[in-house]
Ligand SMILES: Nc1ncnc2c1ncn2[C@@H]1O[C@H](COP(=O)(O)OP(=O)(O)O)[C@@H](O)[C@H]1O
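We begin with a single chain expressed as structure tokens, specifically the form predicted on its own.
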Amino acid sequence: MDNREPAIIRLEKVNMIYPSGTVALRNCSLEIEKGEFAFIVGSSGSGKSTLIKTLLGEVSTTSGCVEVAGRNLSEMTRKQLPYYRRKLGVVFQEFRLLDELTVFENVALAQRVVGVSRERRRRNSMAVLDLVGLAQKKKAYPRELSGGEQQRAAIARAMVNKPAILLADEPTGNLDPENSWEIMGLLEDVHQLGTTVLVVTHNDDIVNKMQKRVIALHKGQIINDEQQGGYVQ
């Protein structure tokens, strides 16, 4: 008898064809276990970002099944999707911080939309800002931060609601090598807290040195899935 928990992310024979006729995902089957850290790699146009959009429910699959944390995304209504997305942590290449809000306010806002009380928002926000090393810059605005610090703030915002899954789409794409490694170290810290981490990247150096599971896409197909060790494209 198999007593394993079901995969926290599961794709079964997923196809995604855009209205233009472009095939973004082709017969993709994949399972990510709870608490796993995995990289999604591939050249531009391989389907990496479409895969993330699929997990976020931003695009609907043409066929196949996508389940995240036990929820079948194809059965979700439009009204249910925003509530579902709030349970995921998401980090993008562009940071996407609100310029008119301080670091603290950017992080606290993510809790406000889910109805967390003011005092809990304050405590939770300071806890994650301390985790990412930005507690001393809580009153700073995004324009006053370096790129690495902005990405740290974005990670704090993504983690403040304690999501089971963190999706990072090219999180080091706008950073220099030193800041890139700091951000990857921070994502490893998040992983050590028990969070499932899925990172889309084109940075072969990071992938090969971190020795995590590597899932490679090419023209929408999963062509390689290495449980441990780097993958040189």
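For clarity, every value in this text was computed on a predicted model and none was experimentally measured. Numbers for residues come from their place in the sequence shown, where the first is 1.
The next section is about a form of this same protein that is not shown, the form predicted together with this ligand.
**Student:** To verify the annotation, which of these, Asn174, Asn179, Ser49, Thr61, has a non-hydrogen atom within 4.5 Å of this ligand in the model of the complex?
**Tutor:** Only one listed residue qualifies here, and that residue is Ser49.
**Student:** With a cut-off of 4.5 Å between heavy atoms, is Ser29 one of the residues that contacts this ligand in the model of the complex?
**Tutor:** No, Ser29 is distant from the partner.
**Student:** Report whether the minimum heavy atom distance between Gly70 and this ligand in the model of the complex is within 4.5 Å.
**Tutor:** Contact check for Gly70: no, nothing within 4.5 Å of this ligand in the model of the complex.
**Student:** Do Leu11 and this ligand come within 4.5 Å of each other in the model of the complex, heavy atoms counted?
**Tutor:** Contact with this ligand, no.
**Student:** Hey, in the model of the complex, is Gln192 touching this ligand, heavy atoms inside 4.5 Å?
**Tutor:** So Gln192 does not count as contacting this ligand.
**Student:** Please state whether every one of the three residues Gly57, Gln80 and Tyr83 places a non-hydrogen atom within 4.5 angstroms of this ligand in the model of the complex.
**Tutor:** No, the candidate spot makes no contact with this ligand.
**Student:** If contact means any heavy atom within 4.5 Å, which of 160 to 168, 180 to 188, 61 to 69, 39 to 47 contacts this ligand in the model of the complex?
**Tutor:** Going through the listed ranges, the match is 39 to 47.
**Student:** Would you mind checking 12 to 37 for residues with a heavy atom within 4.5 Å of this ligand in the model of the complex?
**Tutor:** Those in contact are Tyr18, Ser20, Thr22, Ala24.
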